[in-house]
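Shown here is one chain on its own, the form predicted alone, set out as structure tokens.
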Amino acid sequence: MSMSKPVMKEILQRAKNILDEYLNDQNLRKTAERYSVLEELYYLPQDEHIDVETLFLRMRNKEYTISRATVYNSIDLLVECGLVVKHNFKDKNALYEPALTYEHHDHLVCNNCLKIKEFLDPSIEEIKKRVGKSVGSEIKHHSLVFYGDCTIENCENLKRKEVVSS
């Protein structure tokens, strides 16, 4: 499910406003590099997760003049101010996705091809409510990751992994 360009522009503008406010509150400089990292993250396809190194290389390929350290520091700042969600999956570098386009979902990571699939299952939300009730807590957030073995015949990601490994 992809968003229309006007909706994406509106969300990106909201993100920039939040970043403006955060930088002002923290007495930090408003640098073009920080806003460039924000834009690159918010223009990712909706179900894509990206690590900092890949983001850095994409930005360099687009001829941004930005250092690796600046990308890392900018990502940390965007996580701090709630504009980016950080995920730590087994055997992977930390991966990131935009927070304002983020609808809660869970993840399945394939042990074979390493592809990350997002899913939403209403029964998990019901379990969360039941658990919260049984322990006397209103659960605000959860993180659920399933790890499984790919059963997709001729999986492109598995082929890519085999080429890299050889």
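In case it trips you up, residue 1 is the first one in the sequence shown, and so on. What you see is a predicted model; the values in this text were computed from it and never measured.
Below, we turn to the form predicted together with the DNA, even though it does not appear here.
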Of the options N61, N111, S67, S134, which one has a non-hydrogen atom that comes within 4.5 Å of the DNA in the predicted bound form? S67
Just to be sure I understand the contacts: of L57, I127, L44, L28, which is the one whose heavy atoms reach within 4.5 angstroms of the DNA in the predicted bound form? L28
Under a 4.5 Å heavy atom criterion, is V79 part of the interface with the DNA in the predicted bound form? no
Taking the DNA as it sits in the predicted bound form, is V52 near enough to touch it, meaning that at least one heavy atom pair lies within 4.5 angstroms? yes
Quick check on Y72: any heavy atom within 4.5 Å of the DNA in the predicted bound form? yes
Since only the chain is shown here, I'm wondering whether E33 would be in contact with the DNA in the predicted bound form (any heavy atom pair within 4.5 Å). yes
Could you tell me which of 118-126, 103-111, 134-142, 33-41 sits within 4.5 Å of the DNA in the predicted bound form, going by non-hydrogen atoms? 33-41
